[in-house]
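First, one chain by itself: the form predicted on its own, in structure tokens.
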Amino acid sequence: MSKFSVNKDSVKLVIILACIALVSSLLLAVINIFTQVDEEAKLREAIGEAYSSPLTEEVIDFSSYDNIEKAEILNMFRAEDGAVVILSKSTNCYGAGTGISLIVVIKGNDIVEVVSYSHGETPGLGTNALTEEYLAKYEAFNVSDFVIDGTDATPNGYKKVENYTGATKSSNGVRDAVTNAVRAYVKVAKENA
């Protein structure tokens, strides 16, 4: 029967490595506290840059809303002027892991602002569908320009934004994020007005 022996140098090494790991984790925790980003504050700041009317403290409850496929509503706010500000994300795009998140502002049934919030699209290709000029094409829409049924929302045939050549998948992501925002507005925000 063999005896188990412990080498004192090995024990010292394990204790030293454990202490280093503990100090490192404490240091990282402290750094995280000072560098942590408040996502809601960041979002509210981006909305303030995109839309002139300040937000109210009211956050619209959209928990009962069923998103369209490959899209989701991340947040809904009401602005002081009565507009509804929606953060909508679509994964129907090239950078599906990150998706395309848009700030969509709807006031009096009109889309008055569409702004890119975040994305994982390829610079110079997919990002062409996220330019101010391309997104502004949706600002000519009214919610009545969309056919909204139980599970979908699509632009009417006579009024739609053509895909940006070379950025088709990104254009699809933009379209889905906007149409999901419109559908959420019609099904949730108007009901709570």
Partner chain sequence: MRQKVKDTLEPLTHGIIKDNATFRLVLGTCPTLAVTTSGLNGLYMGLATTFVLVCSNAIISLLRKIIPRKVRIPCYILVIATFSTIVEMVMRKFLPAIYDVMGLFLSLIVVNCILLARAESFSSLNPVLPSVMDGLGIGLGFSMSLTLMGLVREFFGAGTFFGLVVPFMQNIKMTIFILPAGGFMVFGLLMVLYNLVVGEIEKKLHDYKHRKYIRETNPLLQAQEDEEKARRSGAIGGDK
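Since we're looking at a predicted model, the values are computed, not measured. Numbering follows the first chain given and starts at 1.
The same protein also has a form predicted together with the partner chain, omitted here; what follows describes it.
When contacts are judged by a 4.5 Å heavy atom cut-off, T131 does not count as touching the partner chain in the predicted bound form. For the chain shown alone, T122 is a contact residue for the partner chain in the predicted bound form, at least one non-hydrogen atom being within 4.5 angstroms. Using a 4.5 angstroms limit between non-hydrogen atoms, A140 is distant from the partner chain in the predicted bound form.
Looking at L27, you'd find a heavy atom of it within 4.5 angstroms of the partner chain in the predicted bound form.
Just one of E49, E58, E162, E39 comes within 4.5 Å of the partner chain in the predicted bound form, counting any heavy atom, and that one is E39. Contact annotation for 12 to 31: residues with any non-hydrogen atom within 4.5 angstroms of the partner chain in the predicted bound form are L13, I16, L17, I20, A21, S24, L27, L28, I31, listed in sequence order.
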